[in-house]
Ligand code: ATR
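Here we start with a single chain on its own, the form predicted on its own, put down as C-alpha cells.
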C-alpha cells in the first residue's frame, strides 16, 4: 500500500502540488499517493483528523488554512513561528510537526537557480504580510548588507522587523534590517527587489520609484504563472532586464517538504522548466 500525502485548501483544484510531488516521486523511485483535499471553511480540523485516521503521513497546506495549520500543530519550526503560518505538516503518532518552507524555497531559487548570492546584497521586500514573514529569517541567514521591508502601513513593517530582531539579533544588526514606508525609499537602490503582496495582480501597484532598482538588479515577483505581472512590468519599464516570478520558489519549497517527508531530495530543474510561463 502506498504511503499517503495530500494538499489541503479551498479552492484546491488549481493546486499544482499533486503534479509536482508525483514528478518528484517518479524521479526518486518513491511509491506514494498524493491527493487534493477540499477543506470546508471552518472544517480544517475535521478534514485533517480524517486524513490522519486513514493513515496520512503529511500534508501541504495552502490558502486559506495556513493559520489553522499553525494552530493545529503540536510542534513548530522557528520559520513557522515567525510567519505565524504553516505550509507543510508531518504526522508522527500524536505529534504534528509544522514547517514553513516558503522562505527556504525562495532563498534556494534566488541563490542556486537564479545565481544571485545574497551575501553583501541590498535586499528590498515589498509588503509585510505572511509571505514576507515566512521569508525574513532565511533571507537574513544569507547575510545581506541590508534587508529592508517596505509597506504602506509603516507599523506593520516595523513590527515584522522587531520580531525578526528578537529571534536573530546578531544577524538582524549585521544586515541592517529595517522597516520603512515608501517615502523613506527616496534615493535608495537595491540589488534584489522582492514583490510579496497580492495587490499587483489587480493592477494596484505600490508606489515604487524607478530608482529602487540598482544597475543589474533582480526584480522577483513571488506570484507565479501569471506572465508579466504589473510589478515585473514596472521593473522592465525601469530598465531592469533580470526578471523572475515565483515558479522556482514553488518548486523548491515543495522539494523541501518532499525531502522532509521522504528523506531524499529531488532535483527541481526539469520541473521548473515544465512549469515556467514566459514573462511576456
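Owing to the predicted nature of the structure, the values given are computational and were not obtained by experimental measurement. Residue numbers count along the first chain shown, from 1.
FYI, the form predicted in complex with the ligand isn't displayed, but the following is about it.
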Of these, 71-79, 129-137, 186-194, 90-98, which stretch puts a heavy atom within 4.5 angstroms of the ligand in the model of the complex?
129-137
Contact residue in the model of the complex, from 210, 111, 198, 178 (heavy atom within 4.5 Å of the ligand)
198
4.5 angstroms heavy atom contact with the ligand in the model of the complex for residue 153
yes
Is it the case that residue 204, even though its partner is missing from this view, gets within 4.5 Å of the ligand in the model of the complex, heavy atoms only?
yes
